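Next comes just one chain, in structure tokens: the form predicted alone.
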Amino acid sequence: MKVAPKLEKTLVQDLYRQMVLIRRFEEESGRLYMQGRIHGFLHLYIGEEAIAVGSIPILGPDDYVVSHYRDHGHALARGLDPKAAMAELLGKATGCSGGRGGSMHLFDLKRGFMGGYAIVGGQMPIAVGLALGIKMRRERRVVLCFFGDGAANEGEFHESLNLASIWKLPVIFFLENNLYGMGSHVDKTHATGRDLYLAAEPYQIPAVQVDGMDLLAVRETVLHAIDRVRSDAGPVFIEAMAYRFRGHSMADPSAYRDSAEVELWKKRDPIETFRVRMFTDGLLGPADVARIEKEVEAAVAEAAKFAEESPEPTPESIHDHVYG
């Protein structure tokens, strides 16, 4: 297996910047939602930043990412322009999906970001189809497919794992287990409880569970997974244990969660723990943090301003980008 390369200061700063960007982008999105500027559903990624930043930047430019409805963090980690992402959230014509997708359907073909999907588990057959195309063309590309613990109870989950295993497809199934499918705890909705990675065993797919609050643990696990998948050894299954600090969506008061549980997980904030660890290793300092925070705040403010000032899609464009 490939050994994780030694971290350099420039890389550490970039990883920290990406996590902070996701956090600040999501906080601004929440503010705009409360002001009525963002409509529909809004699912924030706050608390899970280490997963997106620990995995997606490792991919090559020709690889694919397929996501779920909590997709903002994945899109930003893949390099999607924050202005285009924020404009999409506001339903503007300058959005990455032309204002037609909104929060749950960010898309960027140039970056191989093949969309967020609102149907639970619906992205998994898409990922398998992409991987089958790669296999048929004898390419060395990889598909990284994200899904939540709720998807493990869907039929598409089992169908996708089965076909990917039989055909030895180049796909990494990445389960973000934040313990709650909407308002239901995973211990009450799945027979294996918090060890959902065991579901991959009957399909003969190598599976591992990792601390999703630890960016470096995620990064090393994904490095090994990509190395295996590119060698034509078939799919890999990763379960990252994480926690969303906000409710299921902005419309969710999260009354079903004990406040002590939330505070306990917040003590493991992936951004804070990474920063402290990098301080200790001498790879990040207070001046670096201050500079990065300032740069990110400016970028998010610019994205919000761009989105607010962007035009609405015109009535004449109603049939654009529509299949039929």
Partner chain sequence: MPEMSIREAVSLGLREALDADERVFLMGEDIGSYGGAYAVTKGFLEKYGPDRVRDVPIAEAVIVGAGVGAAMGGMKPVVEVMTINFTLLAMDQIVNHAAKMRYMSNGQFEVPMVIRTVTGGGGQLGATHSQNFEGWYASVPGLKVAVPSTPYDALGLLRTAIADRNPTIFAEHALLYGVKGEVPKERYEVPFGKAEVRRQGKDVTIVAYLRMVSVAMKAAEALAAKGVQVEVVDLRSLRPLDVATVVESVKKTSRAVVVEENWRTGGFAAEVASAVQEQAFDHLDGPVGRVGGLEVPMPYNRSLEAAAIPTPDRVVETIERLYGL
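Treat the numbers as computed from the prediction; the structure is a model and nothing was measured. Residue numbers count along the first chain shown, from 1.
Below, we refer to the form predicted together with its partner chain, which is not included among the displayed structures.
Participant: Which of G247, G79, P206, G122 has a heavy atom within 4.5 Å of its partner chain in the predicted complex?
Facilitator: Partner contact (heavy atom, 4.5 Å) among the options: G122.
Participant: Tell me, out of L130, A84, A200, I226, which residue has a non-hydrogen atom within 4.5 angstroms of its partner chain in the predicted complex.
Facilitator: It is L130 that has a heavy atom within 4.5 Å of the partner.
Participant: Do A191 and its partner chain come within 4.5 Å of each other in the predicted complex, heavy atoms counted?
Facilitator: No.
Participant: Since only the chain is shown here, I'm wondering whether Y69 would be in contact with its partner chain in the predicted complex (any heavy atom pair within 4.5 Å).
Facilitator: Outside the cut-off, so no.
Participant: Wondering, does S160 line up within 4.5 Å of its partner chain in the predicted complex on heavy atoms?
Facilitator: Yes - in the predicted complex, heavy atoms of S160 and its partner chain come within 4.5 Å of each other.
Participant: Contact between R230 and its partner chain in the predicted complex at 4.5 Å, heavy atoms?
Facilitator: Contact check for R230: no, nothing within 4.5 Å of its partner chain in the predicted complex.
Participant: Among 249-257, 181-189, 93-101, 208-216, which stretch sits within 4.5 Å of its partner chain in the predicted complex, heavy atoms only?
Facilitator: Selected range: 93-101.
Participant: Taking heavy atoms and a 4.5 Å limit, what residues of 30-51 are near its partner chain in the predicted complex?
Facilitator: Result: empty, none.
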